[in-house]
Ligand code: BGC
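Shown next as C-alpha cells: one chain only, the form predicted alone.
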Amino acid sequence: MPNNSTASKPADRSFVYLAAVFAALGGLLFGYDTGVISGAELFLRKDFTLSTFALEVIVSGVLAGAAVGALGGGRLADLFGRRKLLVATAIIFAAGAALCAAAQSPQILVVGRIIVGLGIGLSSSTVPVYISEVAPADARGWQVSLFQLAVTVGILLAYVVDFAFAQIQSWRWMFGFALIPAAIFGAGMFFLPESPRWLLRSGQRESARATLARVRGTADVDNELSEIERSLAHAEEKGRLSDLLEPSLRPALVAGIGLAVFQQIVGINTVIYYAPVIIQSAGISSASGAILATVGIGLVNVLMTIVAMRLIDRAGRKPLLLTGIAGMAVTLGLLGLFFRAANHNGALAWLAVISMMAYVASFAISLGPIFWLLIAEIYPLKIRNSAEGIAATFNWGSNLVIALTFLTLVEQLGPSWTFWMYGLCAVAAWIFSYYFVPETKGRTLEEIEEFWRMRSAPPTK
C-alpha cells in the first residue's frame, strides 16, 4: 500500500503528453501522404499524360498499401511491441516518400505510393493503441484524438506545401517533403518507452511498472498495474481473431467494422484527395486558386478537430458522433444542390467551397477522431491490436473503393448525384451509430472490457 505522502503527491503528466505527441507524428505522416496527392495530381496529369483511371490508380495506390499494413500491423505490434513497429514504420514512410519523389514513370510512382501506404496502415493500426495504453483514463479521449489532430495537421501541411510548390509545378518536392516529418517521427519513437500493457502481457512486470511510473509521473501505480493484471487474467495467453466472434465481443466487432466502413463511404476522402479538382469543376479555374481554397478547407479540418478534442471527454463520444454525422448529411445535400446550379458561376462556386468546409467541420468533430478513438478503446487487451487492425483494414478497403470510383462516378452521374449518394450513406451512418455504438467516456479500458462481458452474460434468476 502506498504511503500517504506518495499517494497525495500530484502526478506529473508531462512525459505522457510528450509520448502522445511524438507517437501522433505517425498521424501527421498519415495525413501528409494522403493529402499531398491533391495538389500533385494537377501536375502529374501533364507530366505523364494520365487518363482518369490512371490518376485514380495513382491516388489509390497508397490505400492498397494501407489496407495491407493495417491488416498485418496489429499482429506485428503484438509480436514485437508497439514502439519497435513504429520506428520501422518511420523508415517505411521515408523510403516511400523518396521513391515517389524520384519516380520517372507512373508505374514507379504507384510502387512508391504503395510503400507509403504500408506506413500509413501500420501507423493507423498501432499509434492509437499505443497512445491509449499510455494515457490515463480521464485524458485518454483527447490524447488518442491527438492522432486524428495530427492527421488533419498533416493534411493541412500537405496543402500548404502543395501551394508553395504549385508556382513551379514541382510535384517531386511535394512528395519528397515527407522525409522531414518521417525522420522526426523515427527519432522520437526510438527514445520513447514501450507500452506498459504490452510489457506486462509479455511477462516483463518490473519493466512495465517502471514504465508506468515514468509515464504517470508518480511511483503510485500499483492499483493501475493490478487492474491491468486482472484484465490479463481474463485473457488467454494469446488472443485469437476468432475471439471476436464470441457473444461478448460480437457487438464490439460490429461497431468497429461498421464505423470503419461508414467513415469512408460518406465520401470524406474525395475531398482530401480531389479537393482542387472538385473546386476547379465548381468554377475556380486556376490551379493555385483551387489549391489555396483547399488550404482553407484543411485549416477548418484542423480547428474543428481541436474543438472535438476539447469536447470528447466532456460531452462524450456518442453525442458528438451523432451531431457531426447529421451535419455531414445536411452539407452533402447542399453541396449536391450547389453543384447542380453552379454552371461555373463564381458566387455559387464559393458557396460550394463553404459547403465543403462545413462538411469537413462536421466530419472533424465526429467520424474523424471518434472512429480511431473507439476502436482503440472497445476491444480487450488480448486482441486489441489485431482487432483494431481488422477495423483499420475495412476502413482502408472502403477508402480504396471510394478513391477508385469517385472521378468515374462524377463523369457518369455528375457531381450532384455523387454527393447526394454520399449523403444517403451519412443518414445510414447516423442510424447505425445511434443503435450500435456504445458510450465509453470516463471508463478505463478494463471497465470497457468488463462492460462487454457483463452485457452478454445471461440474466441471473
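Sequential numbering from 1, following the sequence displayed. Bear in mind the structure is a predicted one, so any value in this text is a computation, not a measurement.
One more form of this protein exists, namely the form predicted in complex with this ligand; it is left out here, but the text below deals with it.
Colleague: According to a 4.5 angstroms non-hydrogen atom cut-off, is Gln264 in contact with this ligand in the predicted bound form?
Modeller: Result yes; Gln264 sits at the interface with this ligand in the predicted bound form.
Colleague: Answer for Ser248 alone: is it within 4.5 Å of this ligand in the predicted bound form, judged on heavy atom distances?
Modeller: Contact check for Ser248: no, nothing within 4.5 Å of this ligand in the predicted bound form.
Colleague: Would you check, heavy atoms only and a 4.5 Å threshold, whether Gly154 touches this ligand in the predicted bound form?
Modeller: Close contact is absent here: in the predicted bound form, Gly154 is far from this ligand, nothing within 4.5 Å, heavy atoms only.
Colleague: Evaluate Gly368 for contact with this ligand in the predicted bound form, applying a 4.5 angstroms cut-off between non-hydrogen atoms, and reply yes or no.
Modeller: Because a heavy atom of Gly368 falls inside 4.5 Å of this ligand in the predicted bound form, the answer is yes.
Colleague: Given that the partner is absent here, state which listed stretch (307 to 315, 70 to 78, 102 to 110, 266 to 274) has heavy atoms within 4.5 Å of this ligand in the predicted bound form.
Modeller: So the stretch in question is 266 to 274.
Colleague: Residues Asn301, Phe363 and Trp372 are flagged as a possible site; in the predicted bound form, is every one of them within 4.5 Å of this ligand by some non-hydrogen atom?
Modeller: Each of the three qualifies.
Colleague: If the cut-off is 4.5 angstroms on heavy atoms, which of these, Ser386, Ser355, Gln143, Gln148, is the one near this ligand in the predicted bound form?
Modeller: Contact residue from the list: Gln148.
Colleague: Using a 4.5 Å heavy atom cut-off, which residue among Asn399, Thr418, Ser433, Thr393 comes into contact with this ligand in the predicted bound form?
Modeller: Looking at the other structure, the residue within range turns out to be Asn399.
Colleague: With this ligand taken in the predicted bound form, which residues across 31 to 69 come within 4.5 angstroms through any non-hydrogen atom?
Modeller: Residues within 4.5 Å: none in this stretch.
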